[in-house]
Structures are given as structure tokens and as C-alpha cells.
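One chain follows as C-alpha cells, the form predicted on its own.
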Amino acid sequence: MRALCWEAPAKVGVHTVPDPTLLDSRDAIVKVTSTAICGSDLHLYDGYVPSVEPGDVLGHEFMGEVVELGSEVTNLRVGDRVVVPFPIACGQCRSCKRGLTSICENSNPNAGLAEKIMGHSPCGIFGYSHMTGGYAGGQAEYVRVPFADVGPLPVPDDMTDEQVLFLTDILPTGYMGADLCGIEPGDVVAVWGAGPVGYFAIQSAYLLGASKVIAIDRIPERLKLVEKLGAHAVDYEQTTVLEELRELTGGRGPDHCIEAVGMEAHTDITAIHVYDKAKQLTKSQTERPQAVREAVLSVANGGTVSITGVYGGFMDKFPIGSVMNRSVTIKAGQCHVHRYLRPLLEHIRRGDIDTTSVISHRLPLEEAPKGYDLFKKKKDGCTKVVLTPGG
């Protein structure tokens, strides 16, 4: 089959690789009909995530048709159209039973690698390094899906791939970012990053009762998109974010701040950006944490900072004094996708959430390297790339 493989930092290619096979009675094989490039894929692309190896198949946002099933998978049928959550969850461990599927205790066979950096291991993840299991990803023609009796969700035939594809990751991730805040009617929410996750976090914040959402970014296409959602757009290259947020909130700051940027944050403050990038490149820190710093310093006293951007290890100059002295609550996590799938599917069906306007580019899988280049460099107005195997 054909699949998008990591070759080296900033280099990927589409190669012929062995077809996946059933390895366990709870497996399924899914023929991919749509897959997407995620912002967190760029962290692997750029070489910032440890334990990615040449030849690894990338991609964790994918859906398709079930073509083969293990003997214990009785909830699916061959021919079902399914969306597949990016966290791989067994459904039986303590974490899964609590609905915390992104920290499944049984799905990461390489848990020891993660424990060296994180203390304990998260779940296995499709196409996201050997530290999270070394599973082949979904930017491919076929994927082996472990624990298929738990993860994949059949989707209605009258809904298109593009309507439901983002249930795999960025829609529930954005929703969980808002959900973690405990938004009450009338609250003001600020979102760092108007990319795809931020786009869905904004819609979710409004769904949960926010009276105003402020989006912070610098890419014109992204800011225009979120303005159409009703958000107040702030171009951080044209203003001082902390001062702007104070002015927009009567001096108090937002009630909740959602960080949807991750480890490669950019800032207009040149000295800080150079400092963070130099430390990241020399591996004396793994993140560029300016978005997190701003979110902590901006949030109102007693407010909540929700971190949905992907981070891999350690950051420097974190304002812990602000957190402690101002009663700030920090909540974070890889998304527990499984718990949100069915409610969000209904929101899509009712038209509460716009899932397709964020897509700017549709390419065949063979042009995936071009898609990575467009998405990474924000060229040609790129906001989200969807790939079609065999297209």
C-alpha cells in the first residue's frame, strides 16, 4: 500500500509499505477514505518529538471503511464507515473506565520510553512516535486499528467524510479545551491559536455559554475565519496581548484562557522568541512556551487556563508565581476523544458546529509532502489539509 512516511526533519515522502494485517482478535483493518494533516503532525515533521524513526507512517486523523475484523470485534461489520479516535484505548483499564481514554494503561507497548520523560505513560497514539507505541498512522491507504471493539464509531451514510472526519481529533480536542474551563453563561474566553483546534475551541466556548470569545493569532486567513464565528480577533503582531485583553475585559482579564498552540509557539517579542527557539534547538528545553506564559499572565484572578496544545517535555521560565498567588487553575490533557464522539456527532447533525469551513486544501495522498509544506509555511492561505488515498 501507499503511505506517508517520515524520512528526516522537514522531509516526508509517500512510499510503498507492507499492508497491515490483523495481529489480535480485537483488531480491525480500515481502508482509509479521508485523512488530514494535524498541527501536531508538524511537531514530528520538524523533528521536535523524540523517538520518531525514518519510515514511520504518520497521521492520526483518519476515517474509512472497515474491510476486516478480528473475531472479538462484534460491534462493527465489514463495510461500516467509521471515524477512528486518535487515542488508542482498551476500554477496560482504570483510566478507560473513568472516561480518561487518552491515558489508557494498556495501549502503549512502549510505556517505558514515555515514563523516562513524563513519569507515567499516556496511551498509544496512531502515527505519533515510538514513545506512544510506534503504531502506524492513518496517512495511508489502510490502517490496523487495535481495540476496534472500543474505538471506531460508525457514522451515518447521509453525512460526508468532511462533516465527520474531524471527530477523530481536532473537534473533540477543541471542545475538551472549552469543557475543561467550566464555562458559565456570560463568561469571557480567550483562545491562543486560531488554527483548526482553536477554531473548534471557539465554537465550543460559544456552545457552552461564553458571551465573548477573543482569538489571538497572526495569520490573516485564520483570523478571518474565526471572525466569521463571532470571535474578536487579535493580531498579536499589531498589539500587546496582555494590554489588549485587559482593555477588552474591563481590566480583569478573560475568565478562561485556552492554549491551542503547542510546542512551536511564535511571538512578536523578538528577544523571547530567539531565547526560546535557541533553547529548543539546543535541546535545553523541548518547548517554545510563550503562548502558555501569556495565557497564565492574562487570565483573570481565580480563572482557568486550559492547555490543549501539544507539549513534549520541559519548558523554561514558567510563571508559577502568577499561578499560585492569583488562584489560577491549570487543566490540560490529550483529548479523551471517545467520551465526546456521540454528543459531537449530534451537534454536527443539528448544524451547531461548522466542520468544513476550516478546510482550505484537498489533495491526493500522493501529494501529502506538498500538503505538509503548505500547512507548515502557511502558504496559499492554508488553514487545513485533507488527503484522499487513491485520489
Ligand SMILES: NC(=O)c1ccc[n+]([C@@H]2O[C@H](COP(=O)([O-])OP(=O)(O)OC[C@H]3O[C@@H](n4cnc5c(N)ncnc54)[C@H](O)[C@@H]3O)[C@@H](O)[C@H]2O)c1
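Numbers for residues come from their place in the sequence shown, where the first is 1. What you are looking at is a predicted structure, and each value in this text was computed from that prediction instead of being measured.
Only in words, not in the display: the form predicted together with the named molecule, which the text now covers.
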- [ ] Within 4.5 Å of the named molecule in the predicted complex, counting heavy atoms only, one of 212-220, 144-152, 247-255, 116-124 shows up; tell me which.
- [x] 212-220
Task: Heavy atom within 4.5 Å of the named molecule in the predicted complex - the one residue of P85, G303, G133, G262 that qualifies - done: G262
Open item on the list: Between T308, T101, S107, S298, only one gets a heavy atom within 4.5 angstroms of the named molecule in the predicted complex; which residue is that?
Closed with: T308
TODO: Determine whether any heavy atom of V197 comes within 4.5 Å of a heavy atom of the named molecule in the predicted complex, and answer yes or no.
DONE: yes
- [ ] May I ask you to check whether G333 falls inside a 4.5 Å heavy atom distance of the named molecule in the predicted complex?
- [x] yes
TODO: Consider K224 of the chain shown here, and say whether it contacts the named molecule in the predicted complex, taking contact as heavy atoms within 4.5 Å.
DONE: no
Open item on the list: in the predicted complex, does G193 come within 4.5 Å of the named molecule, counting heavy atoms only?
Closed with: yes
Task: Complete contact of G39, H266 and Q290 with the named molecule in the predicted complex (any heavy atom, 4.5 Å) - done: yes
Open item on the list: Within 4.5 Å of the named molecule in the predicted complex, counting any non-hydrogen atom, which residues from 351-375 show up?
Closed with: F375
